[in-house]
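Just one chain follows, in the form predicted alone, and it is written as structure tokens.
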């Protein structure tokens, strides 16, 4: 029983990371209508910005705050300078540009920070005794501060995003553009600015996904977000690409399935997480392509 609960806790922690990256994917998709294939690499870039800040002597939370501002500015700049003009040339051109952005950021990170692994980041206390024992037993069930902090981070980010979008005039303008960009433009809302806002907002959960991935996996390298992006896409597809809450719920489900499926079916092995995610992604696309919380698009004829 303790082993099952421990696997569930770890699955929910990993699922929170997938949910954060899925939240970034959904935010960009709701704003612009295309999938940002470079979101994982942008998360990695933000994580290395935090690493640089820590290497310069900043406290990690100050480094995170600085990196949030820089990452949001870079993301908004990409939308303004690259994606906005290319989107007007066609949807296919924009998708090809995103693939190019993926390759560029990956190469940029390797050129600036090197191809080797760096010391992992520790956003939360990570010592052997940094945790809370919640159940006695042999072994006892202990939740580490990293796992608890990951859950709290997801809750806080999702709450902050909800408050911004539903309790501010800026959020109202953003939702108006998401709902109908043509009508929003006619009433004077800066559509391109709201697109840039979507990219900037997406950079924040992506940053935390990268930093927490570094801590939970104990690594920091220019390839660490490649597999996480697959899990993030699966989570966004499962929850629905037009639902921020669905993205997080989808991430938690994917994390639980990844952790518990080998527990109930030992034959699949503990290293089959990526295969499980891809199979789950294909199953969702065939059975419920709009996801659990997604809405079916309706076209008036």
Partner chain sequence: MTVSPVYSRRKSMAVLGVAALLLALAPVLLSQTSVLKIAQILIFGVALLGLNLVSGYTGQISLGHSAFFGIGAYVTTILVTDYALPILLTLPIAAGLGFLVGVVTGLPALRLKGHYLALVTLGFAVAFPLIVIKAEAITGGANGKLLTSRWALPTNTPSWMTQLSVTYLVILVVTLLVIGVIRNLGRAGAVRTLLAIKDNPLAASVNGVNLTREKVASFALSAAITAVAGSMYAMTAGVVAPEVFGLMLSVQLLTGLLIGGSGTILGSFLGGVVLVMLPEFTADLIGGSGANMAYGALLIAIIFFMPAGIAGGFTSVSRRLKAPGGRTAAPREDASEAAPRDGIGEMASPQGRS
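Since the model is a prediction, treat every value here as computed from it, not as a measurement. Positions refer to the first chain, counted from 1.
Just so you know, the form predicted in complex with the partner chain exists too; it's not on screen, but the next bit is about it.
In the predicted bound form, the partner chain lies farther than 4.5 Å from every heavy atom of residue 142.
Proximity of residue 130 to the partner chain in the predicted bound form: non-hydrogen atoms within 4.5 Å are absent; the residue sits far from the partner.
Remark: residue 104 counts among the residues lining the partner chain in the predicted bound form, judged by a heavy atom distance of 4.5 Å or less.
In the predicted bound form, the partner chain sits within 4.5 Å of a heavy atom belonging to residue 281.
When you look in the predicted bound form, the only residue of 248, 237, 50, 42 with a non-hydrogen atom within 4.5 Å of the partner chain is 237. The listed set 146, 191, 176, 82 contains one residue whose heavy atoms approach the partner chain in the predicted bound form to within 4.5 Å, identified as 82. Contact check for 57, 77 and 119: none of the three has a heavy atom within 4.5 Å of the partner chain in the predicted bound form.
Listed stretches are 86-94, 119-127, 161-169, 132-140; the contact stretch with the partner chain in the predicted bound form is 86-94, by a heavy atom cutoff of 4.5 Å. Residues 230, 233, 237, 241 are the members of 230-260 with a non-hydrogen atom no more than 4.5 angstroms from the partner chain in the predicted bound form.
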